[in-house]
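In structure tokens, the next block holds one chain alone, the form predicted on its own.
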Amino acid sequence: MKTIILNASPRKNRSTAEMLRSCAEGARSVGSEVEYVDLFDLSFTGCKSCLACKRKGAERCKCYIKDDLSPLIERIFEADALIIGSPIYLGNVTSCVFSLMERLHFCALSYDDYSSYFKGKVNFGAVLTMNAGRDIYEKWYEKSMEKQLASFRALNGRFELLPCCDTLQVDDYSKYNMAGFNEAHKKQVHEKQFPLDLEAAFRLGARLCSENAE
């Protein structure tokens, strides 16, 4: 089994990355090989509409743009599970997630009948970290996130979202103009809830791989 984990946060050692590392531990616990990638380390754009993937005789489910993302796309289609972690910025996942979705979805889309060339199965999970509380996520973000990430349903596998809410953005709020946040509250949530979120991330990683193992 192979699991690909993508960190779509520019911060490599904060909440999103910690959650993804716990997902990786969960995947490894059921015997999956794990590839972990920081997307912000790669050089890539969204789809350029070159239509190379639509040429007659072209290899399907392959992006022909020569950059760091194209070989990763090929590995995603060959994987058993894909887990992406992204913070929520202005109500959206980060821009690199949208670029990945464009490229991944478009190269597998048939312009003959709008079906998908991809006939395999890759389980998908998204870890979504945010400053907002769980109540805000459930009221405003949950359905929006399901809609934003719907393209990953074309991978034909399990589809799960895991929110991590009310995150601790910095260690010392006094150094920043961030008076809109209560530092004591943030640290309390981080101490009590974040360990539970990490446990949920571990279970997500294990579950997405176990699904393929059955």
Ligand SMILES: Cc1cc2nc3c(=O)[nH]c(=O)nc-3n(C[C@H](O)[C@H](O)[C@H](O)COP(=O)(O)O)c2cc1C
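Start at 1 with the first residue shown and count on from there. Since the structure is predicted, the reported quantities are computational estimates derived from the model, not experimental observations.
Note that the form predicted in complex with the ligand isn't included here; everything after this is about it.
Shown alone, this chain has one stretch from 42-50, 23-31, 59-67, 162-170 that lies within 4.5 Å of the ligand in the predicted bound form by heavy atoms: 162-170. Among residues of the shown chain, R14 is one whose heavy atoms approach the ligand to within 4.5 Å in the predicted bound form. The closest heavy atom approach of T129 to the ligand in the predicted bound form falls within 4.5 Å. Proximity of Y141 to the ligand in the predicted bound form: non-hydrogen atoms within 4.5 Å are present. Although the partner is absent here, G91 is a contact residue: one of its heavy atoms lies within 4.5 angstroms of the ligand in the predicted bound form. In the predicted bound form, P87 is the single residue of 53-87 with at least one heavy atom within 4.5 Å of the ligand.
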